[in-house]
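As structure tokens, one chain now follows by itself in the form predicted on its own.
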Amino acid sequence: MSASSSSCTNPMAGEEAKGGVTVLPVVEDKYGGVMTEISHPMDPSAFSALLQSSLSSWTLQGKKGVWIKLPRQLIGLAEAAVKEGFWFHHAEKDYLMLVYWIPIEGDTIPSNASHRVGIGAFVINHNKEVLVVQEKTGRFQGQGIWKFPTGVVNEGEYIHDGSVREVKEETGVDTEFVQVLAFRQTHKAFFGKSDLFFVCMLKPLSLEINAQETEIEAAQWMPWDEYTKQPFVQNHELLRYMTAICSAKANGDYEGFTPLRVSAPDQQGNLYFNTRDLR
């Protein structure tokens, strides 16, 4: 559920609805709900009273979801909203979003983002050497394990762009995205969220390595056979499957998913699919 936002120019007074009732100024969304953005300081008791009259008015109008966006400097008003039945939907570095469902029946409020998206980059050169790193921090710190460059896709970033960026940041190597080879889904990961991890193949455009000092202990081009013989790889089922998939792709026996820029009714995006077998 999405809605554009409006600012309250006189939040203490609100707006006068039909019947002389004072309500918070809102914009309507396309799902039968409303959203208000509080932009000026307000006494919590006055805010609570205005919120009560607003909810009564919106109930009579048949509204459903009610969204309140609070900037961090006005976070003190959140307590008053919670007392009226609002709950936290999500928070960003500069605001908190609260939501309320008016109808008696079960709500259809969409959940906050439930997944984190990560990538692992399979970069192999013409000598059949794979780009690998050792990390300074995290679960593999100090274990002498060589692994693919990995990272998290940023908000508003496509998977293929994120994989190229992460390789560049960690190793200094320029690459060109080739395909998504596979993906894994797990649950109860980062802050209890689910995790989607995409194995991506990239083509190196440069060979010189300049490892990131803050996160990477070392980086190198390693013979593929040497990488796959690591006990760490051999003893983990997931990594054995990943190496088998990567080997098959390098030998031309496996086809992954290539991104194609496509448009939907109200947005642009990328469709990843097997282009070889689609005629």
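The shown structure was predicted, so the numbers you read here are calculated from the model rather than taken from an experiment. Note that residue numbering begins at 1 and tracks the sequence as displayed.
We do not show the form predicted together with another copy of the chain, though everything after this point is about it.
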- Query: Would V82 sit within 4.5 Å of another copy of the chain in the predicted bound form, counting heavy atoms only?
  - Reply: yes
- Item | Partner proximity in the predicted bound form: K229 to another copy of the chain, non-hydrogen atom cutoff 4.5 Å | no
- Do N270 and another copy of the chain come within 4.5 Å of each other in the predicted bound form, heavy atoms counted? yes
- Task: Mark S206 yes when one of its heavy atoms lies within 4.5 Å of a heavy atom of another copy of the chain in the predicted bound form, and no otherwise.
- Result: no
- Message: Please identify the residue among A78, I102, V178, V132 with any heavy atom within 4.5 Å of another copy of the chain in the predicted bound form.
- Response: A78
- Of V233, M35, I38, A211, the only residue with a heavy atom within 4.5 Å of another copy of the chain in the predicted bound form is M35
- Note on the structure: Restricting to 140-160, the residues within 4.5 Å of another copy of the chain in the predicted bound form through any heavy atom are V152, V153, N154, E155, G156, E157, Y158, I159
